[in-house]
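Subsequent text provides structure tokens for two forms of one protein chain, presented individually as structure 1 and structure 2.
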Structure 1
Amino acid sequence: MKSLSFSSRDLICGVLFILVGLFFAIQAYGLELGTAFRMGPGYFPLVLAGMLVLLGIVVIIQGTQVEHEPMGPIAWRGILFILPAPIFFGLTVRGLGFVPSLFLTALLAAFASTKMRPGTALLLVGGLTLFSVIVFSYALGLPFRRFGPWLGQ
């Protein structure tokens, strides 16, 4: 008979999912829940928190059944490029405007991969920016400035 063994990576991830889910479930109880037909402001966060707890349980259970692989090195480059990107966007979108902020944010995030080359990154970021402007500005008509006051617009 085999002894029960856990993948430390899956155990840590599962426990984190459960803890975050429980935290948000407790916070959602502070809001009015309502019913399934008349949802209150706490209903949807509570449902999502419950789903996160269930996902954590599934991850822990799968961690006991799957062949364990050793945890690889931490991708510091990815962390250092991806995490600041949305913060940069949030801090600059009002001043620079949507187009330059999105362009610079996507450019920053593109270099999280060591395989990304500058030419490819510029093409990718330019296409993403153009697509986003077409969708959010023209198709959806969202009221934001494409170029902000920091650029003299």
Structure 2
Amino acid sequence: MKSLSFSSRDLICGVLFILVGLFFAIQAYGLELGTAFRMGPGYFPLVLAGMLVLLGIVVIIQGTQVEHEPMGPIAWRGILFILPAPIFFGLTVRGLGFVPSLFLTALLAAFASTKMRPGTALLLVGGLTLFSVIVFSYALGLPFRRFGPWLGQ
């Protein structure tokens, strides 16, 4: 047999399964387990968590047997701009109000692409905000404050 080598993708995946499984198992163990006849809140999750740990081990073992492919590029720029966008919307939608909050959220997201130019972004996001206000706020009547208290309204 050749020297043992792990596929980094499968190794991460397996370890992740095991860790999540252990987390749920520990939590479930603290709950009332009950019996197979009358299962408590911890019974079924504990069984599932055990399965997940086992599957994690299998994934790691399988990873030693297949050819390894590279992970490919990671969209760091996307992660940096896309993921904060909904969070930003959540933080500001009440304070700033729907209109400015949405505008800034979409603007933030727009810069996740390397191809986006500032002028295009402003135009695009402006149109998008107008469209959203007409559709969601006026037509569908979602109960959002269009401008929030932070703006002195």
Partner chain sequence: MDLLSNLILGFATAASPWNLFFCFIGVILGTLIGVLPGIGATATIAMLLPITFQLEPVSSLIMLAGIYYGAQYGGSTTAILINMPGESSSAVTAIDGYQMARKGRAGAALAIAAIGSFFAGTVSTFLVAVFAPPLTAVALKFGSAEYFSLMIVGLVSSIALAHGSVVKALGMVVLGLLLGLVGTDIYTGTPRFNLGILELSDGLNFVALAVGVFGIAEILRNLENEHDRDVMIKKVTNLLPTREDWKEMAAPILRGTAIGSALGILPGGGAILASFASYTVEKRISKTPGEFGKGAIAGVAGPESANNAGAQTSFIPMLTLGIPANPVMALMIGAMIIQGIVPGPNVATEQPALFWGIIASMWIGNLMLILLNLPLIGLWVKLLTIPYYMLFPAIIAFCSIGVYSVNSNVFDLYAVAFFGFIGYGLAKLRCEPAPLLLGFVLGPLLEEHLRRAMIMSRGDPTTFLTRPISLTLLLLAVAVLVVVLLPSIRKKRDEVFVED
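Here the rigid core means the biggest group of C-alpha atoms that line up within 1.5 Å when the two forms are laid on top of each other. In this text the structure is predicted, and so the values were computed from the model without any measurement. FYI, numbering is relative to structure 1, first residue = 1.
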Notebook entry, point to check: Which of these two chains, shown alone, is the form predicted in complex with the partner chain?
Noted result: 2
Next item on the list: Answer yes if the Cα of Val20 shifts by 2 angstroms or more between the two structures on a rigid-core superposition, and no otherwise.
Entry: yes
Notebook entry, point to check: Once the two forms are fit on the core, has Leu11 moved its CA by at least 2 Å between the two structures?
Noted result: yes
Margin query: I need the CA movement of Leu33 between the two structures once the rigid core is aligned, reported in Å.
Written below: 21.6
